[in-house]
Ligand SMILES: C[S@@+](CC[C@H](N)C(=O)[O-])C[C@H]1O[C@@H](n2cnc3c(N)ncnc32)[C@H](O)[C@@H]1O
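One chain follows as structure tokens, the form predicted alone.
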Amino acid sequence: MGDRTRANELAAEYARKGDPTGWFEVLYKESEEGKSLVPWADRGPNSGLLEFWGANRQPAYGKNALVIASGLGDDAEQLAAWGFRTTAFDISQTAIRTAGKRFPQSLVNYRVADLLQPPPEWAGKFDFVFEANTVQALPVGLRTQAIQKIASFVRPGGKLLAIVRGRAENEPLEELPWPLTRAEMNEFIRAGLAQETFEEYFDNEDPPARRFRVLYSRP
């Protein structure tokens, strides 16, 4: 995970402007120009996703998958390689354009879209939804709305895998990313999903970060 200084500066600036998601495009644009780094753009599939899949392979062929805030496309490409008909979206036009350049032969349907105002035809459409690190980059006041939107994409019988930074209830929120508590994760349940598994672990960052990896399903 790269340096987060510029991301924190932009997040604070755009929060003051009343545009709490506008900074994502600015950061990706600056990264494209070589001025900044996108700290979560590891240019490889999410390690937590790969670990989960190794132990909990899901049916993929003939199934529809959606990647939330897909960034430079690595997770979406991995789901497509596993056999999903994959749609991936990001609010940043630059991120989507870069993903298209990186994977010119891609089978993924890349879209520019806003999680908080998604295309209505996505509601209840997807067999597998992957969310990693998006909610933690949003102000606390937007989290319930974001979680409700993410849950809404899961069709009956479908699954959602969420991987987030976690924190204890008494841990303070400091700089971006803002980790979630288990109580906040329960918003997915209030949004109509059932929790199948909940894992808490520390990743291989320096220093290691606490992660929650949770599999949900829609009855």
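The structure presented is a predicted model; accordingly, all values stated were derived computationally and were not measured. Note that residue numbering follows the sequence shown and begins at 1.
The following text describes the form predicted in complex with this ligand, which does not appear among the structures shown.
- [ ] Check whether Ala81 has any heavy atom within 4.5 Å of a heavy atom of this ligand in the predicted complex, and answer yes or no.
- [x] No, Ala81 stays farther than 4.5 Å from this ligand in the predicted complex.
Open item on the list: My question is simply whether Thr134 lines the interface with this ligand in the predicted complex - judged by any non-hydrogen atom within 4.5 Å.
Closed with: It does: once this ligand is placed as it appears in the predicted complex, Thr134 has a heavy atom within 4.5 Å of it.
Open item on the list: Can you tell me whether Leu107 touches this ligand? I mean in the predicted complex, with a 4.5 angstroms heavy atom cut-off.
Closed with: Looking in the predicted complex, residue contacts with this ligand do not include Leu107, since no heavy atom lies within 4.5 Å.
Open item on the list: Would you classify Tyr28 as touching this ligand in the predicted complex, given a 4.5 Å non-hydrogen atom cut-off?
Closed with: Flag for Tyr28 set to yes.
Open item on the list: To verify the annotation, which of these, Ile150, Leu180, Ala69, Ala162, has a non-hydrogen atom within 4.5 Å of this ligand in the predicted complex?
Closed with: The option sitting close enough to the partner is Ala69.
TODO: Using the arrangement in the predicted complex, list in sequence order the residues of 78 to 92 with any heavy atom within 4.5 angstroms of this ligand.
DONE: If the 4.5 Å heavy-atom criterion is applied to this ligand in the predicted complex, 78 to 92 yields Phe89, Asp90, Ile91, Ser92.
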